[in-house]
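One chain follows as C-alpha coordinates, the form predicted alone.
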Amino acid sequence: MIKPDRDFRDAIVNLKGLVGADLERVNDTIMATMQSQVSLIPEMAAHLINAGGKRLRPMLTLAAAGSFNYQGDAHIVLAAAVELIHGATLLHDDVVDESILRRGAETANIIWGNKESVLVGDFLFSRSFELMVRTGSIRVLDILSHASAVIAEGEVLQLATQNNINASYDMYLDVVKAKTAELFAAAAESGALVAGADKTQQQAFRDYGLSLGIAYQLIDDALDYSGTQQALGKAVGDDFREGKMTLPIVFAIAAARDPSSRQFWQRTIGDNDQTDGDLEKAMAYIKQSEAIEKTLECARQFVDDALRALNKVPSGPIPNALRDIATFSITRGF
(Lines give C-alpha, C1' and ligand atoms only; values in the text may rest on other atoms or scores of the structure.)
Protein backbone atom coordinates (compact mmCIF):
# COMPACT_ATOMS: atom_id res chain seq x y z
CA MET A 1 0.00 0.00 0.00
CA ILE A 2 1.37 3.44 -0.93
CA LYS A 3 2.15 5.64 2.05
CA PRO A 4 1.21 9.33 2.38
CA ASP A 5 2.59 12.16 0.28
CA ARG A 6 5.57 12.77 2.55
CA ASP A 7 7.16 9.61 1.19
CA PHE A 8 7.59 11.19 -2.24
CA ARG A 9 9.56 13.96 -0.57
CA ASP A 10 11.57 11.29 1.21
CA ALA A 11 12.22 9.55 -2.12
CA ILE A 12 13.52 12.80 -3.62
CA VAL A 13 15.73 13.42 -0.57
CA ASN A 14 17.06 9.85 -0.75
CA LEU A 15 17.96 10.14 -4.43
CA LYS A 16 19.59 13.54 -3.84
CA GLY A 17 21.62 11.95 -1.08
CA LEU A 18 22.92 9.31 -3.49
CA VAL A 19 23.85 11.76 -6.26
CA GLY A 20 24.27 14.90 -4.14
CA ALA A 21 27.98 15.49 -4.76
CA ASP A 22 27.46 15.21 -8.50
CA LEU A 23 24.39 17.45 -8.31
CA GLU A 24 26.46 20.20 -6.71
CA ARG A 25 28.88 19.95 -9.62
CA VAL A 26 25.95 20.17 -12.01
CA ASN A 27 24.72 23.35 -10.33
CA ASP A 28 28.21 24.85 -10.55
CA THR A 29 28.37 23.95 -14.25
CA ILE A 30 24.99 25.55 -14.88
CA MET A 31 25.94 28.79 -13.15
CA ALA A 32 29.23 28.98 -15.08
CA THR A 33 27.47 28.26 -18.37
CA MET A 34 24.91 31.02 -17.83
CA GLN A 35 27.52 33.77 -17.63
CA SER A 36 27.29 36.50 -20.26
CA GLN A 37 28.41 40.08 -20.81
CA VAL A 38 24.72 40.89 -21.26
CA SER A 39 23.76 41.26 -17.60
CA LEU A 40 20.08 40.47 -18.12
CA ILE A 41 20.92 36.92 -19.24
CA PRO A 42 22.56 35.62 -16.05
CA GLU A 43 20.10 37.64 -13.96
CA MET A 44 17.04 36.10 -15.57
CA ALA A 45 18.55 32.63 -15.85
CA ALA A 46 19.55 32.69 -12.18
CA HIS A 47 16.00 33.70 -11.24
CA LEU A 48 14.73 30.56 -12.96
CA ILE A 49 17.42 28.14 -11.83
CA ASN A 50 17.50 29.37 -8.23
CA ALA A 51 13.72 29.36 -7.86
CA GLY A 52 13.85 25.81 -6.57
CA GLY A 53 12.41 22.73 -8.18
CA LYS A 54 13.16 19.08 -7.62
CA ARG A 55 15.94 18.83 -10.25
CA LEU A 56 14.44 15.47 -11.14
CA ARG A 57 15.51 15.46 -14.79
CA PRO A 58 19.24 16.05 -14.21
CA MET A 59 19.10 13.63 -11.29
CA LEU A 60 17.87 10.96 -13.72
CA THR A 61 21.01 11.49 -15.79
CA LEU A 62 23.23 11.28 -12.72
CA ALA A 63 21.35 8.28 -11.36
CA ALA A 64 21.52 6.36 -14.64
CA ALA A 65 25.28 6.90 -14.82
CA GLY A 66 25.70 6.11 -11.13
CA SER A 67 23.86 2.82 -11.55
CA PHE A 68 26.90 1.61 -13.49
CA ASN A 69 29.47 3.16 -11.09
CA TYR A 70 30.57 5.64 -13.72
CA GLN A 71 33.70 7.56 -12.67
CA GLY A 72 34.03 10.14 -15.45
CA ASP A 73 32.74 13.69 -15.88
CA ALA A 74 30.50 13.44 -18.94
CA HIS A 75 27.37 12.84 -16.85
CA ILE A 76 27.90 16.20 -15.11
CA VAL A 77 27.81 18.27 -18.30
CA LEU A 78 24.96 16.12 -19.64
CA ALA A 79 22.86 16.68 -16.52
CA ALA A 80 23.56 20.41 -16.76
CA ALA A 81 22.50 20.37 -20.42
CA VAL A 82 19.28 18.58 -19.49
CA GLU A 83 18.45 21.19 -16.84
CA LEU A 84 19.19 24.04 -19.25
CA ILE A 85 16.85 22.50 -21.84
CA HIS A 86 14.21 22.21 -19.14
CA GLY A 87 14.79 25.81 -18.06
CA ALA A 88 14.49 27.05 -21.63
CA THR A 89 11.18 25.25 -22.10
CA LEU A 90 9.86 26.75 -18.84
CA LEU A 91 10.68 30.27 -20.01
CA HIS A 92 8.94 29.64 -23.32
CA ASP A 93 5.99 27.86 -21.65
CA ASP A 94 5.30 30.76 -19.33
CA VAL A 95 5.14 33.15 -22.28
CA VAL A 96 2.82 30.89 -24.27
CA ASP A 97 0.60 30.18 -21.24
CA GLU A 98 0.75 33.76 -19.95
CA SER A 99 1.65 32.34 -16.53
CA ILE A 100 2.20 34.63 -13.57
CA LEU A 101 3.50 32.18 -10.94
CA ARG A 102 6.03 29.35 -11.01
CA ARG A 103 7.23 27.61 -7.84
CA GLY A 104 5.52 30.29 -5.80
CA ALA A 105 7.39 33.21 -7.40
CA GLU A 106 6.58 35.58 -10.23
CA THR A 107 7.52 34.20 -13.62
CA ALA A 108 10.32 35.75 -15.65
CA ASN A 109 7.88 37.02 -18.28
CA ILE A 110 6.01 38.97 -15.60
CA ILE A 111 9.19 40.48 -14.17
CA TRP A 112 11.13 41.20 -17.37
CA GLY A 113 8.70 40.70 -20.26
CA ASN A 114 7.79 38.18 -22.94
CA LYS A 115 10.45 39.15 -25.48
CA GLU A 116 13.20 38.90 -22.91
CA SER A 117 11.95 35.51 -21.70
CA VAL A 118 11.88 34.03 -25.20
CA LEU A 119 15.36 35.29 -26.05
CA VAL A 120 16.93 34.12 -22.79
CA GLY A 121 15.22 30.77 -23.32
CA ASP A 122 16.95 30.61 -26.69
CA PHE A 123 20.25 31.41 -24.96
CA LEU A 124 19.78 28.50 -22.56
CA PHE A 125 19.02 26.16 -25.46
CA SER A 126 22.22 27.27 -27.20
CA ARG A 127 24.30 26.79 -24.08
CA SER A 128 22.84 23.31 -23.61
CA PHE A 129 24.12 22.30 -27.03
CA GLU A 130 27.58 23.61 -26.18
CA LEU A 131 27.56 21.31 -23.16
CA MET A 132 26.44 18.32 -25.21
CA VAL A 133 29.33 18.81 -27.60
CA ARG A 134 31.78 18.73 -24.68
CA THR A 135 31.00 15.04 -24.14
CA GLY A 136 32.50 14.22 -27.53
CA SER A 137 29.68 11.76 -28.20
CA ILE A 138 27.67 12.03 -31.40
CA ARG A 139 25.11 9.63 -29.96
CA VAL A 140 24.55 11.88 -26.92
CA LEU A 141 24.13 14.87 -29.21
CA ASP A 142 21.63 12.87 -31.24
CA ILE A 143 19.58 11.88 -28.18
CA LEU A 144 19.31 15.35 -26.64
CA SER A 145 18.99 17.33 -29.86
CA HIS A 146 16.19 14.98 -30.94
CA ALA A 147 14.54 15.47 -27.54
CA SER A 148 14.70 19.26 -27.99
CA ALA A 149 12.95 18.99 -31.36
CA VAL A 150 10.29 16.65 -29.98
CA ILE A 151 9.60 19.00 -27.07
CA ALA A 152 9.04 21.87 -29.50
CA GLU A 153 6.68 19.67 -31.51
CA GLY A 154 4.81 18.90 -28.32
CA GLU A 155 4.35 22.59 -27.59
CA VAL A 156 2.86 23.14 -31.03
CA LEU A 157 0.68 20.04 -30.71
CA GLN A 158 -0.65 21.30 -27.40
CA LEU A 159 -1.70 24.54 -29.07
CA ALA A 160 -3.54 22.46 -31.67
CA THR A 161 -5.51 20.60 -28.97
CA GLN A 162 -6.16 23.65 -26.81
CA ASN A 163 -9.85 24.63 -26.67
CA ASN A 164 -10.70 21.48 -28.66
CA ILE A 165 -13.34 19.66 -26.62
CA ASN A 166 -13.15 16.75 -29.07
CA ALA A 167 -9.53 16.05 -28.19
CA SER A 168 -9.12 12.37 -27.31
CA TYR A 169 -7.03 10.44 -24.80
CA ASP A 170 -4.62 9.49 -27.57
CA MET A 171 -4.21 13.11 -28.66
CA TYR A 172 -3.57 14.13 -25.07
CA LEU A 173 -1.03 11.35 -24.61
CA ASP A 174 0.84 12.43 -27.75
CA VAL A 175 1.22 15.90 -26.23
CA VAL A 176 2.45 14.52 -22.89
CA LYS A 177 4.95 12.15 -24.48
CA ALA A 178 6.47 14.94 -26.55
CA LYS A 179 6.21 17.93 -24.23
CA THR A 180 7.19 16.28 -20.93
CA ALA A 181 8.18 12.62 -21.10
CA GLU A 182 10.71 12.89 -23.93
CA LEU A 183 13.15 14.89 -21.80
CA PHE A 184 12.77 12.43 -18.90
CA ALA A 185 13.56 9.63 -21.34
CA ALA A 186 16.52 11.38 -22.94
CA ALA A 187 17.95 12.37 -19.55
CA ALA A 188 17.96 8.79 -18.31
CA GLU A 189 19.09 7.21 -21.58
CA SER A 190 22.03 9.57 -22.07
CA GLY A 191 23.27 8.97 -18.52
CA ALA A 192 23.32 5.22 -19.11
CA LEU A 193 25.02 5.72 -22.47
CA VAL A 194 28.01 7.71 -21.17
CA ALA A 195 28.42 5.20 -18.33
CA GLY A 196 28.99 2.39 -20.83
CA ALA A 197 25.70 0.53 -20.40
CA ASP A 198 24.79 -1.91 -23.13
CA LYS A 199 21.95 -1.14 -25.55
CA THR A 200 19.41 -3.19 -23.59
CA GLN A 201 20.21 -1.26 -20.43
CA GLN A 202 20.18 2.09 -22.25
CA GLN A 203 16.74 1.25 -23.61
CA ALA A 204 15.59 0.20 -20.14
CA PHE A 205 16.54 3.59 -18.71
CA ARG A 206 14.88 5.34 -21.64
CA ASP A 207 11.70 3.31 -21.07
CA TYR A 208 11.82 4.12 -17.36
CA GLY A 209 12.20 7.83 -18.04
CA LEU A 210 9.45 7.91 -20.64
CA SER A 211 6.94 6.08 -18.45
CA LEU A 212 7.87 8.11 -15.37
CA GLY A 213 7.54 11.34 -17.36
CA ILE A 214 4.07 10.42 -18.59
CA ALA A 215 2.93 9.44 -15.09
CA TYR A 216 4.45 12.62 -13.67
CA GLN A 217 2.53 14.84 -16.09
CA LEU A 218 -0.73 12.98 -15.50
CA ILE A 219 -0.34 13.61 -11.78
CA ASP A 220 0.47 17.28 -12.45
CA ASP A 221 -2.74 17.56 -14.47
CA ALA A 222 -4.75 15.94 -11.70
CA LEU A 223 -3.21 18.27 -9.11
CA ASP A 224 -4.28 21.30 -11.12
CA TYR A 225 -7.85 20.44 -10.07
CA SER A 226 -7.18 18.80 -6.70
CA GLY A 227 -4.07 20.44 -5.23
CA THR A 228 -3.45 23.73 -3.44
CA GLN A 229 -1.64 26.86 -4.60
CA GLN A 230 0.69 26.71 -1.60
CA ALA A 231 1.80 23.18 -2.44
CA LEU A 232 1.95 23.63 -6.21
CA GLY A 233 3.57 27.07 -6.27
CA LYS A 234 1.07 28.19 -8.91
CA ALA A 235 -2.62 28.98 -9.08
CA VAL A 236 -5.00 26.00 -9.01
CA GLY A 237 -7.15 25.81 -12.12
CA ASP A 238 -4.63 27.39 -14.49
CA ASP A 239 -5.18 24.61 -17.03
CA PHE A 240 -8.91 25.31 -17.02
CA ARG A 241 -8.42 29.05 -17.46
CA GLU A 242 -6.06 28.42 -20.38
CA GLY A 243 -8.46 26.01 -22.07
CA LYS A 244 -6.03 23.10 -21.91
CA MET A 245 -7.43 19.68 -22.74
CA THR A 246 -5.73 17.77 -19.95
CA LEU A 247 -6.83 14.26 -19.01
CA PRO A 248 -9.25 15.21 -16.19
CA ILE A 249 -11.09 17.44 -18.69
CA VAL A 250 -10.99 14.77 -21.40
CA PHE A 251 -12.58 12.28 -18.99
CA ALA A 252 -15.13 14.80 -17.68
CA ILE A 253 -16.26 15.76 -21.19
CA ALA A 254 -16.47 12.10 -22.22
CA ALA A 255 -18.79 11.52 -19.25
CA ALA A 256 -21.04 14.48 -20.13
CA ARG A 257 -24.39 13.16 -21.28
CA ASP A 258 -26.90 15.98 -20.83
CA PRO A 259 -26.96 19.04 -23.13
CA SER A 260 -26.28 21.52 -20.32
CA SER A 261 -22.96 19.94 -19.35
CA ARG A 262 -21.85 19.71 -22.99
CA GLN A 263 -22.79 23.35 -23.47
CA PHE A 264 -20.81 24.25 -20.35
CA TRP A 265 -17.65 22.62 -21.69
CA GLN A 266 -18.11 24.14 -25.12
CA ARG A 267 -18.49 27.62 -23.63
CA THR A 268 -15.72 27.46 -21.05
CA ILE A 269 -13.13 25.36 -22.90
CA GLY A 270 -14.14 25.43 -26.55
CA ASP A 271 -15.07 29.12 -26.72
CA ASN A 272 -12.88 30.20 -23.78
CA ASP A 273 -15.81 32.21 -22.40
CA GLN A 274 -15.47 31.91 -18.63
CA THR A 275 -17.21 33.73 -15.80
CA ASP A 276 -17.02 33.71 -12.01
CA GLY A 277 -17.95 30.32 -10.59
CA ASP A 278 -17.06 28.35 -13.72
CA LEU A 279 -13.95 26.78 -12.19
CA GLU A 280 -15.96 25.52 -9.22
CA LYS A 281 -18.60 24.10 -11.58
CA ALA A 282 -15.91 22.44 -13.67
CA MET A 283 -14.48 20.85 -10.54
CA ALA A 284 -17.96 19.58 -9.65
CA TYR A 285 -18.29 17.93 -13.06
CA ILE A 286 -14.80 16.48 -12.69
CA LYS A 287 -15.69 15.05 -9.29
CA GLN A 288 -18.99 13.68 -10.54
CA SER A 289 -17.26 11.88 -13.43
CA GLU A 290 -14.46 10.55 -11.17
CA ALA A 291 -12.02 12.09 -13.65
CA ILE A 292 -9.27 12.57 -11.05
CA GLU A 293 -9.46 8.93 -10.00
CA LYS A 294 -9.37 7.80 -13.62
CA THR A 295 -6.38 10.03 -14.33
CA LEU A 296 -4.49 8.64 -11.34
CA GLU A 297 -5.31 5.10 -12.44
CA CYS A 298 -3.76 5.84 -15.83
CA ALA A 299 -0.71 7.24 -14.02
CA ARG A 300 -0.42 4.02 -11.99
CA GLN A 301 -0.27 2.00 -15.20
CA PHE A 302 2.66 4.06 -16.45
CA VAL A 303 4.35 3.77 -13.05
CA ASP A 304 4.06 -0.01 -13.41
CA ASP A 305 5.70 0.26 -16.84
CA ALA A 306 8.53 2.30 -15.32
CA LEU A 307 9.09 -0.28 -12.59
CA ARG A 308 9.16 -3.12 -15.13
CA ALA A 309 11.81 -1.28 -17.14
CA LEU A 310 14.07 -1.11 -14.08
CA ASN A 311 13.99 -4.90 -13.81
CA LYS A 312 16.44 -4.92 -16.73
CA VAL A 313 19.13 -2.85 -14.99
CA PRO A 314 21.61 -3.88 -12.26
CA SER A 315 20.26 -3.87 -8.73
CA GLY A 316 21.63 -1.43 -6.19
CA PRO A 317 20.83 1.61 -4.04
CA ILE A 318 20.33 4.00 -6.97
CA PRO A 319 17.92 1.81 -8.99
CA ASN A 320 16.05 1.16 -5.74
CA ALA A 321 15.78 4.92 -5.19
CA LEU A 322 14.46 5.32 -8.73
CA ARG A 323 11.82 2.71 -7.97
CA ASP A 324 10.73 4.73 -4.95
CA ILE A 325 10.54 7.91 -7.06
CA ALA A 326 8.16 6.17 -9.46
CA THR A 327 6.11 4.38 -6.80
CA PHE A 328 5.54 7.36 -4.53
CA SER A 329 5.00 9.86 -7.35
CA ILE A 330 1.36 8.77 -7.39
CA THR A 331 0.75 10.27 -3.96
CA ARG A 332 2.72 13.51 -4.35
CA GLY A 333 0.96 16.79 -3.70
CA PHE A 334 3.47 19.11 -5.35
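Bear in mind that the values here come from a model prediction, so they are computed numbers and not experimental data. All residue numbers refer to positions in the sequence shown, first residue = 1.
Quick note: we don't show the form predicted together with a further copy of the same chain, though the next part is all about it.
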18, 51 and 68 each touching a further copy of the same chain in the model of the complex (heavy atom, 4.5 Å) = no
Considering only heavy atoms, tell me if residue 102 and a further copy of the same chain come within 4.5 Å of each other in the model of the complex.
-> no
Spell out, yes or no, whether the shortest heavy atom distance between residue 73 and a further copy of the same chain in the model of the complex is within 4.5 Å.
-> no
Is residue 38 one of the residues lying within 4.5 Å of a further copy of the same chain in the model of the complex, judged by heavy atom distances?
-> yes
Residue 125: touches a further copy of the same chain in the model of the complex, heavy atom cutoff 4.5 angstroms | yes
Out of 106, 220, 238, 155, which one falls within 4.5 Å of a further copy of the same chain in the model of the complex, going by heavy atoms?
-> 155
Note: exactly one of 173, 254, 111, 119 sits with a heavy atom within 4.5 Å of a further copy of the same chain in the model of the complex, namely 119
Stretch in contact in the model of the complex with a further copy of the same chain, which is absent here, among 75 to 83, 198 to 206, 146 to 154, 180 to 188 (heavy atoms within 4.5 Å) | 146 to 154
Quick one: which residues from 131 to 149 get a non-hydrogen atom within 4.5 Å of a further copy of the same chain in the model of the complex?
-> 133, 136, 137, 138, 141, 142, 145, 146, 148, 149
